[in-house]
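Below you'll find only one chain, the form predicted on its own, shown as C-alpha coordinates.
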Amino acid sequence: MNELTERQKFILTLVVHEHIRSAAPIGSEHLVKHYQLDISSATVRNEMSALTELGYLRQPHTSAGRVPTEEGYRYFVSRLVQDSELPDTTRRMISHQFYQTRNDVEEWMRLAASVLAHQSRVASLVTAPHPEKARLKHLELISTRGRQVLMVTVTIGGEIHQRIVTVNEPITQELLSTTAHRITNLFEGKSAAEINALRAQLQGLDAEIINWLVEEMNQADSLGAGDIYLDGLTNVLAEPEFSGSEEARRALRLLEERPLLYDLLSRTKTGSGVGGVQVLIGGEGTWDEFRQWSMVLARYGQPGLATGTLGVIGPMRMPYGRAISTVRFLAGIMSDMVTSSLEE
(Lines give C-alpha, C1' and ligand atoms only; values in the text may rest on other atoms or scores of the structure.)
Protein backbone atom coordinates (compact mmCIF):
# COMPACT_ATOMS: atom_id res chain seq x y z
CA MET A 1 0.00 0.00 0.00
CA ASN A 2 1.13 3.54 -0.74
CA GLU A 3 1.84 5.58 2.36
CA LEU A 4 -0.49 8.54 2.79
CA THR A 5 -0.01 11.89 4.45
CA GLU A 6 -1.91 12.54 7.67
CA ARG A 7 -4.30 14.84 5.80
CA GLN A 8 -4.96 12.18 3.12
CA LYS A 9 -5.64 9.58 5.83
CA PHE A 10 -8.06 11.98 7.48
CA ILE A 11 -9.93 12.73 4.25
CA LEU A 12 -10.05 9.05 3.23
CA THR A 13 -11.54 8.23 6.65
CA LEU A 14 -14.22 10.93 6.20
CA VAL A 15 -15.10 9.71 2.69
CA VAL A 16 -15.44 6.11 3.90
CA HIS A 17 -17.61 7.10 6.87
CA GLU A 18 -19.87 9.32 4.76
CA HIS A 19 -20.22 6.77 1.96
CA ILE A 20 -21.09 4.04 4.48
CA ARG A 21 -23.76 6.33 5.91
CA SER A 22 -25.29 7.62 2.64
CA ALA A 23 -24.33 5.14 -0.12
CA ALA A 24 -23.80 8.22 -2.34
CA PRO A 25 -20.63 9.70 -3.91
CA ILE A 26 -19.02 12.20 -1.55
CA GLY A 27 -17.97 15.68 -2.69
CA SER A 28 -15.39 18.04 -1.22
CA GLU A 29 -17.93 20.76 -0.38
CA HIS A 30 -20.05 18.31 1.57
CA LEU A 31 -17.07 17.25 3.69
CA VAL A 32 -16.06 20.85 4.44
CA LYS A 33 -19.59 21.87 5.47
CA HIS A 34 -20.62 18.69 7.29
CA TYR A 35 -17.42 18.40 9.35
CA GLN A 36 -16.73 22.16 9.53
CA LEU A 37 -13.20 21.66 8.25
CA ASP A 38 -10.74 24.53 8.54
CA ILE A 39 -9.41 23.90 5.01
CA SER A 40 -10.99 24.95 1.72
CA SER A 41 -13.04 22.68 -0.50
CA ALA A 42 -10.40 23.21 -3.23
CA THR A 43 -7.73 21.74 -0.92
CA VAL A 44 -9.98 18.79 -0.07
CA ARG A 45 -10.73 18.30 -3.77
CA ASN A 46 -7.01 18.22 -4.58
CA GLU A 47 -6.38 15.61 -1.88
CA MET A 48 -9.31 13.53 -3.16
CA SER A 49 -7.82 13.69 -6.65
CA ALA A 50 -4.50 12.45 -5.25
CA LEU A 51 -6.28 9.60 -3.45
CA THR A 52 -8.00 8.73 -6.72
CA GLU A 53 -4.66 8.58 -8.55
CA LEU A 54 -3.32 6.31 -5.81
CA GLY A 55 -6.28 3.95 -6.30
CA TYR A 56 -8.06 4.54 -2.98
CA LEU A 57 -11.00 6.51 -4.38
CA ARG A 58 -12.85 6.50 -7.68
CA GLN A 59 -15.23 8.90 -9.40
CA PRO A 60 -18.35 7.10 -10.70
CA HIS A 61 -19.31 10.02 -12.98
CA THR A 62 -17.39 13.02 -14.24
CA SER A 63 -19.31 15.56 -12.20
CA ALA A 64 -19.93 13.31 -9.19
CA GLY A 65 -18.08 13.02 -5.92
CA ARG A 66 -15.88 10.09 -4.99
CA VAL A 67 -16.46 6.66 -3.44
CA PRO A 68 -13.92 4.28 -1.87
CA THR A 69 -12.40 1.51 -3.99
CA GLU A 70 -11.59 -1.98 -2.70
CA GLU A 71 -8.05 -0.76 -1.97
CA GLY A 72 -9.49 2.25 -0.18
CA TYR A 73 -11.56 0.02 2.08
CA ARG A 74 -8.54 -2.26 2.68
CA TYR A 75 -6.38 0.70 3.69
CA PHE A 76 -9.15 1.98 5.95
CA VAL A 77 -9.64 -1.40 7.66
CA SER A 78 -5.92 -2.15 8.07
CA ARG A 79 -4.69 1.32 9.05
CA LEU A 80 -7.52 3.67 9.98
CA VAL A 81 -10.49 1.85 11.50
CA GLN A 82 -10.70 2.47 15.23
CA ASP A 83 -10.43 -0.57 17.50
CA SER A 84 -13.62 0.00 19.46
CA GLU A 85 -15.66 -2.09 21.87
CA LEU A 86 -19.41 -2.55 21.95
CA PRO A 87 -21.17 -0.35 24.53
CA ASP A 88 -21.37 -1.92 27.99
CA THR A 89 -25.17 -2.08 27.86
CA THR A 90 -25.05 -3.98 24.56
CA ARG A 91 -22.41 -6.38 25.87
CA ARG A 92 -24.43 -7.10 29.03
CA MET A 93 -27.63 -7.64 27.01
CA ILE A 94 -25.95 -10.11 24.63
CA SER A 95 -24.23 -11.96 27.49
CA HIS A 96 -27.56 -12.25 29.34
CA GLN A 97 -29.24 -13.72 26.24
CA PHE A 98 -26.58 -16.42 25.93
CA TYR A 99 -26.39 -17.41 29.56
CA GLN A 100 -30.18 -17.84 29.61
CA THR A 101 -29.99 -20.51 26.90
CA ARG A 102 -30.02 -24.18 27.67
CA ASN A 103 -26.93 -26.30 27.00
CA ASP A 104 -28.05 -26.73 23.40
CA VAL A 105 -25.49 -26.18 20.62
CA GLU A 106 -28.17 -25.55 17.99
CA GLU A 107 -29.78 -22.89 20.18
CA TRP A 108 -26.40 -21.14 20.57
CA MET A 109 -25.88 -21.13 16.81
CA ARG A 110 -29.28 -19.62 16.05
CA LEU A 111 -28.91 -17.00 18.77
CA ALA A 112 -25.40 -16.04 17.60
CA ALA A 113 -26.59 -15.65 14.00
CA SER A 114 -29.57 -13.56 15.15
CA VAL A 115 -27.46 -11.28 17.38
CA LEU A 116 -24.82 -10.75 14.68
CA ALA A 117 -27.43 -9.85 12.05
CA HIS A 118 -29.24 -7.48 14.40
CA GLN A 119 -26.13 -5.70 15.68
CA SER A 120 -24.33 -5.40 12.33
CA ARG A 121 -27.48 -4.78 10.24
CA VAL A 122 -26.13 -7.04 7.49
CA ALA A 123 -26.22 -10.83 7.02
CA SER A 124 -24.60 -13.24 9.46
CA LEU A 125 -23.21 -16.75 9.33
CA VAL A 126 -22.21 -19.16 12.08
CA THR A 127 -20.82 -22.67 11.75
CA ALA A 128 -21.37 -25.19 14.50
CA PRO A 129 -18.25 -26.12 16.49
CA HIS A 130 -16.49 -28.99 14.81
CA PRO A 131 -13.68 -31.10 16.26
CA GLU A 132 -10.39 -30.78 14.42
CA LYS A 133 -10.16 -34.49 15.21
CA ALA A 134 -13.28 -36.23 16.44
CA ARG A 135 -12.74 -37.55 19.97
CA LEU A 136 -15.16 -39.87 21.69
CA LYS A 137 -17.18 -38.46 24.56
CA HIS A 138 -19.98 -41.02 24.88
CA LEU A 139 -21.37 -44.06 23.08
CA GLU A 140 -24.90 -45.46 23.23
CA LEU A 141 -26.20 -48.68 21.70
CA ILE A 142 -29.98 -49.04 21.41
CA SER A 143 -31.75 -52.21 20.34
CA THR A 144 -34.28 -51.56 17.56
CA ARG A 145 -35.48 -54.79 15.94
CA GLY A 146 -33.95 -58.15 15.26
CA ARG A 147 -30.22 -57.75 14.73
CA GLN A 148 -30.40 -54.00 14.06
CA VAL A 149 -28.85 -51.61 16.59
CA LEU A 150 -28.89 -47.81 16.68
CA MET A 151 -25.35 -46.60 17.43
CA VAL A 152 -25.24 -43.05 18.83
CA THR A 153 -21.78 -41.49 18.95
CA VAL A 154 -21.27 -38.23 20.85
CA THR A 155 -17.92 -36.52 20.27
CA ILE A 156 -16.21 -33.94 22.45
CA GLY A 157 -17.67 -30.61 21.39
CA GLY A 158 -21.24 -31.89 21.32
CA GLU A 159 -21.61 -33.36 17.82
CA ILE A 160 -23.99 -36.32 17.64
CA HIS A 161 -23.76 -39.01 14.94
CA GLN A 162 -26.30 -41.80 14.52
CA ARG A 163 -26.29 -44.89 12.34
CA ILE A 164 -28.07 -48.23 12.19
CA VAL A 165 -25.72 -51.23 12.31
CA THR A 166 -26.48 -54.93 11.97
CA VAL A 167 -24.86 -57.30 14.47
CA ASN A 168 -24.26 -61.02 13.96
CA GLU A 169 -27.09 -62.14 16.25
CA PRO A 170 -29.88 -60.52 18.34
CA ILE A 171 -28.55 -58.92 21.54
CA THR A 172 -30.43 -57.79 24.63
CA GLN A 173 -30.58 -54.11 25.55
CA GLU A 174 -28.87 -54.90 28.84
CA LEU A 175 -25.82 -56.34 27.06
CA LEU A 176 -25.77 -53.46 24.57
CA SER A 177 -25.82 -50.91 27.39
CA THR A 178 -23.03 -52.73 29.25
CA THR A 179 -20.93 -52.87 26.05
CA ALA A 180 -21.48 -49.17 25.31
CA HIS A 181 -20.51 -48.23 28.88
CA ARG A 182 -17.35 -50.35 28.72
CA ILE A 183 -16.26 -48.89 25.35
CA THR A 184 -16.92 -45.34 26.58
CA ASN A 185 -14.76 -45.93 29.65
CA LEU A 186 -11.96 -47.46 27.57
CA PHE A 187 -11.83 -44.89 24.78
CA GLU A 188 -13.27 -41.62 26.11
CA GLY A 189 -11.23 -38.68 24.78
CA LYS A 190 -9.51 -40.75 22.09
CA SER A 191 -9.48 -40.14 18.33
CA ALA A 192 -10.33 -42.66 15.62
CA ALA A 193 -6.63 -43.37 15.04
CA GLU A 194 -5.98 -43.95 18.76
CA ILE A 195 -9.00 -46.27 19.05
CA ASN A 196 -7.98 -48.13 15.91
CA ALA A 197 -4.49 -48.73 17.33
CA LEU A 198 -6.03 -50.60 20.29
CA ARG A 199 -8.64 -52.50 18.29
CA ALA A 200 -6.58 -55.77 18.25
CA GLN A 201 -7.01 -56.08 22.03
CA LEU A 202 -10.80 -56.51 21.65
CA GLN A 203 -12.86 -59.52 20.71
CA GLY A 204 -16.44 -60.47 19.92
CA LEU A 205 -19.11 -57.76 20.15
CA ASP A 206 -16.65 -55.14 21.40
CA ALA A 207 -14.46 -55.59 18.30
CA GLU A 208 -17.53 -55.50 16.06
CA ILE A 209 -18.77 -52.23 17.57
CA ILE A 210 -15.29 -50.66 17.46
CA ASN A 211 -15.09 -51.29 13.69
CA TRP A 212 -18.24 -49.22 13.16
CA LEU A 213 -17.19 -46.61 15.69
CA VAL A 214 -13.85 -45.98 13.97
CA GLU A 215 -15.60 -45.77 10.60
CA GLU A 216 -18.12 -43.26 11.97
CA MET A 217 -15.44 -41.07 13.56
CA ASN A 218 -13.32 -41.09 10.40
CA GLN A 219 -16.35 -39.91 8.48
CA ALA A 220 -16.89 -37.13 11.02
CA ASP A 221 -13.27 -36.00 10.52
CA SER A 222 -13.80 -35.76 6.75
CA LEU A 223 -16.84 -33.46 7.00
CA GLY A 224 -14.81 -30.27 7.60
CA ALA A 225 -17.04 -27.41 8.78
CA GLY A 226 -20.09 -28.02 10.92
CA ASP A 227 -23.62 -26.99 9.98
CA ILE A 228 -23.97 -23.37 8.79
CA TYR A 229 -26.61 -21.02 10.20
CA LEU A 230 -27.51 -17.86 8.25
CA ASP A 231 -29.58 -14.86 9.31
CA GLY A 232 -30.26 -11.30 8.14
CA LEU A 233 -30.21 -11.92 4.38
CA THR A 234 -33.09 -9.48 3.98
CA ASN A 235 -30.90 -6.79 5.58
CA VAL A 236 -28.50 -7.07 2.65
CA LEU A 237 -31.18 -7.02 -0.04
CA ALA A 238 -32.50 -3.77 1.45
CA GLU A 239 -29.17 -1.98 0.84
CA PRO A 240 -29.33 0.54 -2.08
CA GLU A 241 -26.53 -1.08 -4.12
CA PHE A 242 -28.16 -4.50 -3.88
CA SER A 243 -31.81 -3.52 -4.29
CA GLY A 244 -32.97 -5.20 -7.48
CA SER A 245 -29.40 -6.40 -8.20
CA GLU A 246 -29.33 -9.79 -9.88
CA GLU A 247 -25.67 -10.17 -8.94
CA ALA A 248 -26.51 -9.75 -5.26
CA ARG A 249 -29.33 -12.27 -5.49
CA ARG A 250 -27.05 -14.74 -7.25
CA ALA A 251 -24.50 -14.43 -4.45
CA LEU A 252 -27.24 -15.00 -1.86
CA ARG A 253 -28.37 -18.12 -3.71
CA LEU A 254 -24.78 -19.38 -3.61
CA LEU A 255 -24.76 -18.82 0.16
CA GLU A 256 -27.90 -20.87 0.53
CA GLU A 257 -26.57 -23.65 -1.71
CA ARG A 258 -23.46 -23.76 0.56
CA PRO A 259 -20.62 -25.33 -1.55
CA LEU A 260 -18.98 -21.95 -2.27
CA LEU A 261 -19.38 -20.90 1.34
CA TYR A 262 -17.79 -24.12 2.60
CA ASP A 263 -14.89 -23.51 0.21
CA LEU A 264 -14.45 -19.94 1.42
CA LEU A 265 -14.55 -20.94 5.09
CA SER A 266 -12.13 -23.81 4.54
CA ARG A 267 -9.59 -21.43 3.01
CA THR A 268 -9.92 -18.76 5.68
CA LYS A 269 -10.19 -20.84 8.85
CA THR A 270 -6.42 -21.03 9.21
CA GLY A 271 -5.90 -17.32 8.54
CA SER A 272 -6.26 -16.25 12.15
CA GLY A 273 -6.25 -17.87 15.53
CA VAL A 274 -9.29 -18.25 17.75
CA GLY A 275 -10.67 -14.79 18.52
CA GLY A 276 -8.67 -13.13 15.74
CA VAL A 277 -10.75 -11.23 13.19
CA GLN A 278 -10.26 -11.53 9.43
CA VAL A 279 -11.71 -9.00 6.97
CA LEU A 280 -12.19 -10.12 3.35
CA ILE A 281 -13.03 -7.34 0.91
CA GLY A 282 -14.35 -7.79 -2.63
CA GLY A 283 -13.71 -11.52 -2.78
CA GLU A 284 -9.97 -10.82 -2.41
CA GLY A 285 -9.44 -11.71 -6.08
CA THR A 286 -10.39 -15.33 -5.39
CA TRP A 287 -14.18 -15.42 -5.21
CA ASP A 288 -15.61 -13.43 -8.15
CA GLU A 289 -19.13 -14.12 -6.89
CA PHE A 290 -18.41 -11.88 -3.88
CA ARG A 291 -16.61 -9.00 -5.60
CA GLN A 292 -19.22 -6.51 -4.33
CA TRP A 293 -19.15 -7.93 -0.82
CA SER A 294 -17.10 -7.87 2.35
CA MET A 295 -16.88 -10.46 5.12
CA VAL A 296 -15.75 -10.07 8.72
CA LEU A 297 -14.94 -13.51 10.16
CA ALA A 298 -13.52 -14.98 13.36
CA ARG A 299 -12.88 -18.45 14.72
CA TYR A 300 -14.18 -19.46 18.13
CA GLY A 301 -13.90 -22.49 20.37
CA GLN A 302 -10.97 -24.37 21.86
CA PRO A 303 -8.03 -25.10 19.50
CA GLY A 304 -7.19 -28.76 19.19
CA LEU A 305 -10.64 -29.82 20.36
CA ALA A 306 -13.54 -28.01 18.68
CA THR A 307 -13.72 -24.76 16.74
CA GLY A 308 -16.23 -22.97 14.52
CA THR A 309 -16.44 -19.78 12.48
CA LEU A 310 -18.79 -16.84 12.82
CA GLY A 311 -19.04 -13.52 11.04
CA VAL A 312 -21.02 -11.10 8.95
CA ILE A 313 -21.34 -10.57 5.20
CA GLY A 314 -22.62 -7.48 3.47
CA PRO A 315 -21.77 -4.75 0.97
CA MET A 316 -18.27 -3.28 0.97
CA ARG A 317 -20.02 -0.23 2.38
CA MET A 318 -20.52 -1.86 5.77
CA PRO A 319 -19.75 -0.22 9.16
CA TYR A 320 -16.46 -2.05 9.72
CA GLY A 321 -15.74 -0.75 13.21
CA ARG A 322 -19.05 -2.04 14.62
CA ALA A 323 -18.88 -5.26 12.60
CA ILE A 324 -15.36 -6.08 13.84
CA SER A 325 -16.16 -5.33 17.49
CA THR A 326 -19.42 -7.35 17.33
CA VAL A 327 -17.75 -10.37 15.69
CA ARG A 328 -14.85 -10.29 18.16
CA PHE A 329 -17.20 -10.08 21.17
CA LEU A 330 -19.44 -12.92 19.93
CA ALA A 331 -16.37 -15.08 19.23
CA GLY A 332 -15.34 -14.61 22.85
CA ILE A 333 -18.76 -15.59 24.18
CA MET A 334 -18.99 -18.64 21.90
CA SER A 335 -15.51 -19.75 22.93
CA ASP A 336 -16.60 -19.59 26.57
CA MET A 337 -19.74 -21.64 25.76
CA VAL A 338 -17.73 -24.33 23.96
CA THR A 339 -15.15 -24.49 26.76
CA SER A 340 -17.92 -24.88 29.36
CA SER A 341 -19.55 -27.69 27.39
CA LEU A 342 -16.22 -29.53 27.05
CA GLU A 343 -15.66 -29.37 30.81
CA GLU A 344 -19.02 -30.95 31.65
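The first residue of the shown sequence is 1; numbering continues from there. Predicted model, so just to flag it, every value in this text is computed and none were measured.
What follows is about the form predicted together with the DNA, which we do not show.
Q: Please state whether all three residues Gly27, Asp38 and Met48 have a non-hydrogen atom within 4.5 angstroms of the DNA in the model of the complex.
A: So, yes: the whole triplet contacts the DNA.
Q: Scan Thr69, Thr43, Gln292, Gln278 and let me know which has any heavy atom within 4.5 Å of the DNA in the model of the complex.
A: That would be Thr43.
Q: Taking the DNA as it sits in the model of the complex, is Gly65 near enough to touch it, meaning that at least one heavy atom pair lies within 4.5 angstroms?
A: Contact with the DNA, yes.
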